[in-house]
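Two versions of one and the same chain are coming, encoded as structure tokens; call them structure 1 and structure 2.
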Structure 1
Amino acid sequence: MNPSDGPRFDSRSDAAKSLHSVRLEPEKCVGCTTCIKKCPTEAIRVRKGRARIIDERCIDCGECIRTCPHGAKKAVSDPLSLIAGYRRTIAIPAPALYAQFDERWSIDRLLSGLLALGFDEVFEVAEAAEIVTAATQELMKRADLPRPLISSACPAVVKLVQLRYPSLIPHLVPLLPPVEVAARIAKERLHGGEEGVGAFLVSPCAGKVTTARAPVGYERSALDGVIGIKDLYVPLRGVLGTAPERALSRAGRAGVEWARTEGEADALGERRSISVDGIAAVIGVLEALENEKLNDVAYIEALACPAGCVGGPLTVENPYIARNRLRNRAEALPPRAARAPYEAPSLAELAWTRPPAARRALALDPDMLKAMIMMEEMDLLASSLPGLDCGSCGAPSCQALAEDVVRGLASPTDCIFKLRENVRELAGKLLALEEIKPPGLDKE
């Protein structure tokens, strides 16, 4: 399977202007610092009363979107109008889409609704998830891979490992994610790589918007755009009652349940696996693994969003309601997908072609000697700060403020305790001057 020429995003789309999907709306930001305390990679600072996102540290997990009380963070995806530029279009719906609607609407009805919105055909991510499951089961038989293996399906988790836990990169499952497998099968197996055929992911996830532009583990994506579920929800709901229902769904229970926590692990059938959702919980598990405390675990299903992909920042339904809906839907499905009208890709075709490297958040300075001097200055300054990590300075921790100071991006007096200390020192000097003032200086 050869990837396409890569994603082609509408030049009018805001999402095309940045490699990141998570964006800030400055006019809504009040500088409350809530987001800086929740960001797992310290990618946000508040300066001059407004938050800003440091691109090099952002992993597009969407945690700031979930926690911002003022709605100043958003995930930007591509518009539905993008499909008009293609001769034939394929919707690649993530199974989280099914969980946004109550069970009276069948999966076939939902997929038929996508055709009513202008797509020519559909290929389910859930079907590709079953292919990836089978490939992962083969990998689990290999003794040369470290244990536990970590699922690489969640792009935010992969980037978190790259940024904060690079020693764990060899533990990542070296396979293409289901969304990419679905796009490649749809375009190459079913359409022979014809020109003018576009594949568009219907996604719950901000991270998948980003990896469609800048893939991790492979050079180019077969996706031509990523449309958020939240942007399709209202128009799709509007056609469900009128669109003729067609038999379009092929995926089985194993693939559909990938969208919820434990779904991938259940499909894999590995009894020594654990499932974790929510970025804070994922960090706890990765730290335990790095500290060699998970020796009895063979597989980790790690999902950055609460309840799994059904809780992604591009969804509309409460994640726990959505998870229950997905479970209810899956009960009526066959265990596995129907026989495919194409040759399934081999394990070699599904493998990464460019293993991810460790991501350096920000180098203090290109010059090693200067960087070492800055490091010493940073440590010295950090030791003089109160260590409360209160966030009042606009940085998530005292260590982060010290780093910002040595970079010239902040001042030590941004710390209110340092400022108070300086004011007291200045007041003391003024009092001392008052005491030693020469006689008659205050007379005319």
Structure 2
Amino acid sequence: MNPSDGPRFDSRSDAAKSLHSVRLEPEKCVGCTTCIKKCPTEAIRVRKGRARIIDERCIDCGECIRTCPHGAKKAVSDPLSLIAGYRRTIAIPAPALYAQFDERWSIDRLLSGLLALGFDEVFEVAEAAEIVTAATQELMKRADLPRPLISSACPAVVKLVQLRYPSLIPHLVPLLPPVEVAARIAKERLHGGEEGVGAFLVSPCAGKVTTARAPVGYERSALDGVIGIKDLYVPLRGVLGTAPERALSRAGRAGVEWARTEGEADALGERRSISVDGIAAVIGVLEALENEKLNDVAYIEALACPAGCVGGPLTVENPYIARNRLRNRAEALPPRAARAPYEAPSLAELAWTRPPAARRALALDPDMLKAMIMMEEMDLLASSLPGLDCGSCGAPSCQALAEDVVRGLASPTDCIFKLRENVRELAGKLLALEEIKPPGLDKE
């Protein structure tokens, strides 16, 4: 078998194969090396002229979607038509939605627009975010939890910690993310868990598509679907002018501001906090934390997307324009949500039920002795590679190619320089052979 056909490089264009949301549109991919170089977990390889994603390593951060110059990487979310299969439907809009539209459209009008698109009700993620903030404030008083606590609201950050910083897992805030809290309140508190009621996240985030199917920290999501903001944007624009405006918005500034970097830390009121966005900067902060350099920090709000959730791959507006709009909108809101017509969930109900485990996808082999032998082979091969990290072999770096080779997923001659070396050697041998004549013909 050609190692390049290895099972771990299955193309994600086949939707059924993967739980992850990030997919490739094969007809748009030209097989360039942009995404493989930008992926923070080295989860992408180019094979047969197409980018392939290694599922075990993908953290759904959306970096490849953002950087692909050909628009070939896509986050697959659910279509609006999905809601037709439910007796009663609840839209769960993330506050990043409010930042996609000009401030002349009020939040009430945006929410009313969702009803005009066919939803029966709305429940704002921002309202649930305030509940999560209050619960986090309780946790911050407890001495038995490590410091700093790391927000677990961003699914890409949680997965990054599982994969690259497993020693930091105990630092993650052991609470459900606001989207899940919103779905549970809407379905369980406000509808008593009735059959036929569906909750649909209106999402800026590709990672939430994945966690709705395969949650991290809890068993089963109450969400019945995740619809990308970008898929709703045009139809929603279309109805904003005519939708009858109803007083639907309840969330306050604290919850709405969660959609931008620093919003969550501001809501928490914790001054000894670090707010960091963009996956590369997040890695820098987690690295410093793991090196025990952040001893005076009580809380880390880490978000994979630039400017926070407003910069999510399922949004349409520029992240920084969106952030400014969100800030402007939030200023006009009361500090906190109006009194809730339901009993707020207790800390126990908000707590994780299945804490995330370390993901060992980076280890060469579960057996350390085998891993050491592979590592030696890998180092030897890596030192013979040119070190240009050109990406022509389909791996992000020479080191990564060496790793793929010892894992049996690539061949050393996938390196064009190695191949050229081999060809030159072969040519030399051919030349030498050509010089040799049968003794009968070898005249003086």
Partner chain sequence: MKYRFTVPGDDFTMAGKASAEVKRILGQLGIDPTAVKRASVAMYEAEINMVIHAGGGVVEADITPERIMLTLRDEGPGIPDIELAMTEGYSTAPEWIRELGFGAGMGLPNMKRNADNLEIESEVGRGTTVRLLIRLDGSAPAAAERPGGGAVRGGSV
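FYI, numbering is relative to structure 1, first residue = 1. Under this definition, the rigid core comprises the largest set of C-alpha atoms superposing within 1.5 Å between the forms. Remember, it's a predicted structure, so these values are computed and weren't measured experimentally.
Worksheet item: Pick one: is 1 or 2 the form predicted alone?
Response: Only structure 1 matches the form predicted alone.
Discussion item. Following rigid core alignment, is the displacement of the I54 C-alpha between structure 1 and structure 2 equal to or greater than 2 angstroms?
Written reply: Shift at I54: below 2 Å after core fit.
Discussion item. When the rigid core is used for the superposition, does E42 move between structure 1 and structure 2 (threshold: C-alpha shift of 2 Å or more)?
Written reply: Stays below the 2 Å threshold, so no.
Discussion item. Rigid core aligned, does the Cα position of T67 differ by 2 Å or more between structure 1 and structure 2?
Written reply: No; T67 is a residue whose C-alpha shifts by less than 2 Å between structure 1 and structure 2 when the cores are overlaid.
Discussion item. So with the rigid core superposed, the C-alpha of G428 shifts by how many Å between structure 1 and structure 2?
Written reply: G428 C-alpha displacement between structure 1 and structure 2, core-aligned: 4.6 Å.
Discussion item. Once both forms are fitted on the core, what is the Cα shift for I416 between structure 1 and structure 2 in Å?
Written reply: For I416, the C-alpha ends up 3.2 Å from its position in the other form.
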